[in-house]
Structures are given as structure tokens and as C-alpha cells.
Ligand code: C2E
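Below, in C-alpha cells: the form predicted alone, a single chain.
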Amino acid sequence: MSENNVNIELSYLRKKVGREKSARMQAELLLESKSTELFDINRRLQDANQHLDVIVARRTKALKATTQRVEVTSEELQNTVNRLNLVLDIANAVTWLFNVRNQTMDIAGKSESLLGIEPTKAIPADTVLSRIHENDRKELIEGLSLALKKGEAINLRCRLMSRNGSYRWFLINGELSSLVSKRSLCVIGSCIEMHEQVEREREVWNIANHDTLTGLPNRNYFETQFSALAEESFSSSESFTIALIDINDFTQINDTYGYSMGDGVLRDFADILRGYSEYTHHVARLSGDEYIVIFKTNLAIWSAHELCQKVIDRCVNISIQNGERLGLNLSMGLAVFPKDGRVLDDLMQSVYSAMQDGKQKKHIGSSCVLYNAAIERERFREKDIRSALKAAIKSKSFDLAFQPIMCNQSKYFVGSEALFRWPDMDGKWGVQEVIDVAENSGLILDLGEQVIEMAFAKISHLNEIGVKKWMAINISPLQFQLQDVPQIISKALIKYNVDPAMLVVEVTENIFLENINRVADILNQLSKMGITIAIDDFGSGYSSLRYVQMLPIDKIKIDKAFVDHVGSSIESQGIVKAVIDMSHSMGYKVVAEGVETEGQLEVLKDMGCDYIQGYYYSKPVSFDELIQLDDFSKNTPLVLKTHLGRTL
């Protein structure tokens, strides 16, 4: 081989080696570079793995915590469900869901025991509604409608048919579901039994609004019903009549037959009024022996008056518990709403005035009075008297007149009766009219004290001038009821240094209407002071020997109504003679009031009447005129307290 070829080949080999060396160096550099990258990648991968481990650990921990919370929540939810079921069981309640689209209801809870429906889903709504009481069904349907249209909550009391077929009260609550979807509009709620609670509430309401003795509505319920009826009347422009009814002298029934029998009479009378229910809106017992009736709006006033007369006729002869027959006398007043009063107070005043008008004009028997303009004028007249009386009591502008009383045997004046006078009346009102107003208004209490004060002042003056005559004063039944009469008189005895034997306390038979035991106690206190007790106007009202025997009576004063005809009427003579004989047999002295003629005087003298009072001997006179009477100035021995044998 030539040197040239060798050189060429060597050169080629060198170049090849150089190229391979260069390639190997590049490869080594590339490998080194890739190794570095791989190392970096591996390092980053290691870092990523480490971070992933942390994330996995965290996520695993969080998952465990979530799992634990889910388990706790699930347990709590189950406990809540259990508690809810327990509450539903205890409360006798079920839950319900009304699906509007399907018109079905889902019920959960003790529905079978409560409603007689198996706990199930998709019950037709009509099936459930059919178990609602017909009087409550409409209200429940309206409640569901409002819940759907306006989102209003349902809160109703309804009667649902129970398993045994009876209706029981439930509280139904419900509202539009907050989970409503466009496909399923729902109302969800609960149904809670509250039958016992409703029954207790009704019982409490019944007690609060009804009279326990008669079962009739009481004043409270009457006023509520009146208000509702008055509103209807204003809206319809229709009027209605009310009647106020009072059983006259009911206290006597209690005293004669006992309170148990009296209660029976009140119940029987309530039943009589119930018998006219087709003509009345309401019948109520206001208090004691007072009842009130509201007649139906289509009943004319005259028809109402006729019905009241029928009630009066029905009560003429009724049977009481022990088989006896008893006649009830009634006082009735009628008034029309709104003509006679546009508010209850005014209407009651009108009807009360009508009733009182009947009482004043008919002392014996029943009365039924329609309110009218004349009664209205009388009411305003009473108002004027009452107003004037108040001012007169404050200014002490009263006076006394005195009518002497003659002893039928000695023909001497033995005493006098102090009579109330009011100079400022000036003929506008009568004395008895003023006294009646004072009694009805309660002003008689202050007026009576002033009369006692004036009378004692005059008795003291008689003492000073040496005239020993007794003086009679009248004490109102209302004073006995509301005042300490013995204390008032005792203070006056001490203040004026008066001999109690010179005082006669006169009480009317109306006093028998009060608590007879209390009255007897008061009169006994007065009698022990040495004061003489007389029954005034005997025979005019509530005469009863039983009552007279219970009281420490010294004198009986025969009512003028019997004395008026004693000279001409055999019947009056018989009554007066019987009273005198009865009184004498019991040790009482007798005073005849209103003696005006010699004929009356002679008959009374023959009958043995002890004392005479009247115009025949003297009209009422002033105190100065009284002491100037010749016979009044003469002192003679007088028998004042016959049953005690005391003389003056």
C-alpha cells in the first residue's frame, strides 16, 4: 500500500475517530444533561409525592372526620326523628302532606288510632275531608286555598271523626312547603288532638258566661250578645224589644219556704221563660230574682207585651218542689232598641224605669209596663229631685213637722211623730215622692242621719221645758241594711242627753224583706237601750205574724188605708178589729193613723184602739206650734213599753 494511501486511510481514521469522539462527547454531554433533567424531574416527583402524601393524609383525615360527623348527624337525626315520634305520640298528633297535583294526602303517625286511617301514602284528599265535621269542613278548605294562593299559614280547630265514629277536636296547622318543586305543589302540617282541652275551655267559658243555678246566660254573656244583636239591628234598621222581669217579694219565699225551695222557684221560672224560645233571641238571669229577655226582631212591641202577660198568667199558680202551689207576682218593664236607648246603659235605664213604674203603681199583684214619654219625664223629674236633694243635704236645709198623737183613754196628747219637711220644695214635689227618690238613690242614708239629729235636738228641747212626751221617728229599711243604726242613735242620746224612753223608732213592714235575723238583732239592741219600737203602716205590705213575733215590737200602727173606711166598711172594721185584738193579745199598743172624722174615732174607741193620730185632732205643725198646744204641755203617766211594764 502506498504511503499516500496509508496517509489517506489514517486521515480518514483520524477523522472518523474524531467524529466518534465528538459524537461520544456530545452523547456524554446529552446524557449528562438528560441525567440532570431526570434528576430534577425525579426530585420534583419526589417532592410531588411527598406533597401528595400530605394531601392524601389530610383528605383521609377530613374524610374520616366527615364520616364521623355524618355518623353523629345520622344518629342525631334518628334521635330527632325518635323524639318527634315520641312527641307526636304524647301529643296524640299526626303529620300530613297534601299534594295539590295529585289531590292526595300522606299521613304519618298514629293516624289509625286517632283518625281511623291506616298510616299510608297517597290517600285521596276527599277521603280525609269526609272525616271532617260538616260545620268545620268549609273553613278548612278555605284555609288550604289561602295557603296555596297567598302562602298564609293554617291554624284551625276542627272536629274529626275518630276511630269509634265520634267527633273529637283537633288543632290543624299547615303551611306551603319550602321544598316545593314546579312539579309538586305541597302543603305540609300537623294534626294534634286537643279534645279534652277544648272541652275544658268550653266548661270554663260556660261557667264564666252562664248562671250556675238556672243554666241561663248571665249578665256578662247577655251584654256580649246584646252588642252583636245591636250591630245587626243598626245594619238592618230593625228594632227589637227587651223585657226586664223581677219576681216581687222573692225574699219572702226564701224566708217562708227556705233557700233550697227559693232556688227551685228560680229554676222553674227560668224553665218557663225557656218555653218561649221561639219568640226570643236571648234569655238571661242578671242577678238574684231579675231576668231579662230579648225578643226577636220580627216581633212587634205589642206582641212582646202579650207574651209577657202570658208569662204573668202562667205564674199565677205554679207547683213547687214540695207539691204546694205558689203564685208569683212579677214586675215587668219593656223597652225598644234603639228608640228607647241606643246603647245598653240607656236602654237598661229605660226598661228599669218602666219596671219601677209598675212596682210603684201596683204594690200587690203583677205589672207589665211599656216604656213611654211619661216615664221619661218621670225619670228626669227624679233626676232633678236627686240633684236638688244632694245640694240640700250638703246645706242641711231640711226641717221637721210634728203631728201630735192622742191617748184614746186620757184624751191627752202623749207624743208626736216627727215628719220630714223640705221648705225649698216650694210645692214642686211631694214629700213621699222625695222620700222615694232618696230611698232609690241611697241619699236616704245621709238624709236619715240629719232627721235623727234634728229630732233629738227637739226632744232635748222638750226636756229643757219640762215636757215629757215621746217622739216617733222613721228609720228607712236601707239604713238598717247599710248603717249601724244603734251606734248612730246611741251617739245622739249621749250628745243631746235624751232619755231613751222619749224616743219611738218606727219601721215599715218593708224591713221584713231584709235579713230578718240581722233586723231582729238591731231592734233588740235599740230595745235594750230603752227605746220603743213600732211597726208603721201595718197591713199595707208584708204583714206577717211570724215576723212580728221575732221582733221586740211595742206598738202597731194601723195603715191609713184601713182607717179611711173603718166608719163605713164592714170589711175594714173586721180587719182593724182583728189587728187591734191580735196586737193586744201579744201585749202591743195600737195607734190608728189618719183619723179624720168623728165616726172613725167612735168606731176605733169602741174597738179599744189605744192611740189616735190624724187631722181630727191636729194636722202636722211646726215645733213651736206643737209645744203651744194646751194638751201637749200637760204631763200624764204614759205606758210606753207595755211588754216590759215600763212607765213614764
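Predicted, not measured: the structure shown is a model, and the values here were computed from it. One-based numbering along the sequence shown.
Separately, the form predicted together with this ligand exists; it is not shown, and the next lines address it.
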Review point. Candidate spot 431, 475 and 596, all three in 4.5 Å heavy atom range of this ligand in the predicted complex?
Key: yes
Practice item. Heavy atoms, 4.5 Å, this ligand in the predicted complex: which of 575 to 583, 588 to 596, 601 to 609, 30 to 38 makes the cut? Say which one. Key: 588 to 596
Practice item. Tell me, out of 533, 419, 261, 270, which residue has a non-hydrogen atom within 4.5 angstroms of this ligand in the predicted complex. Key: 419
Practice item. May I ask you to choose, among 281, 386, 305, 560, the residue with a heavy atom within 4.5 Å of this ligand in the predicted complex? Key: 560
Review point. Hey, in the predicted complex, does residue 451 get a heavy atom within 4.5 angstroms of this ligand?
Key: yes
Review point. Is residue 446 a contact residue for this ligand in the predicted complex, using a 4.5 Å heavy atom cut-off?
Key: no
Review point. Counting only non-hydrogen atoms and a 4.5 angstroms cut-off, does residue 537 reach this ligand in the predicted complex?
Key: yes
Review point. Quick one: is residue 249 in contact with this ligand in the predicted complex, heavy atoms, 4.5 Å cut-off?
Key: no
